[in-house]
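Next up: a single chain in structure tokens, the form predicted alone.
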């Protein structure tokens, strides 16, 4: 698995992935929707699969003395690492952005602890829709990306509605008050648990689909 993961990063990762990882810097932009930068990582994942299809990466990988499920696991692990790195890069910029923009984010939810919990959930939704759909055929990629993007977008709108509509939930979520952010930690923990559980489900579903595909 170590060698397969190495192969994924050396041969399969699209150059835009490393560019889009730097988009954590977008959290410094005043009054800008914070979740937009994270969607670019989903776009880079799409590019990984698209480029792999054009280069016949899957055919090459399964030609190696490995199980087909191992090829899926390596790809899913690579995606998980990319998503985690994106979040880790974004965290310091979120807090820097909050300090240099004391008026807050007028374009959406504040980049606080709950914000990152929802990021984990958004990645989960995109992964579980896009990845298993792709592995149903290994060549149809437009529809999986469309459905994955729609799922990501719908959840994004749902989360933002929680802070657009005046309520006690809005007051709790749309703040960078340190005392309240401590109370938001359960949202972050739930997001991480969902992301990890969905990763397992995504891998198993994608692997099951891929086993039925005749390369």
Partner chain sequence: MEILSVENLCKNYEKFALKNVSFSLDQGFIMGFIGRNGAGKTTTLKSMMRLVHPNSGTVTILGKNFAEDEFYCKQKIGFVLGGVDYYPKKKLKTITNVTKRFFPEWDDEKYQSLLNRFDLDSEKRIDELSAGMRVKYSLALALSHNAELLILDEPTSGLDPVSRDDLLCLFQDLIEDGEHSILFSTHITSDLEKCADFITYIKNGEIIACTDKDTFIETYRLVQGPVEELNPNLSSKLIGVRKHKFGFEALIKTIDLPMVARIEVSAANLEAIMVHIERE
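Positions refer to the first chain, counted from 1. Here the structure is a predicted model, which means the values were calculated and not measured.
Omitted here: the form predicted together with its partner chain. The next part is about that form.
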Option from 56 to 64, 185 to 193, 169 to 177, 149 to 157 whose residues, in the model of the complex, bring a heavy atom within 4.5 Å of its partner chain: 56 to 64
Could you tell me if all three of 69, 80 and 205 have a heavy atom no more than 4.5 Å from its partner chain in the model of the complex? no
Would residue 11 show up as a contact with its partner chain in the model of the complex if we use heavy atoms at 4.5 Å? yes
Would you mind checking 1 to 36 for residues with a heavy atom within 4.5 Å of its partner chain in the model of the complex? 3, 4, 6, 7, 10, 11, 12
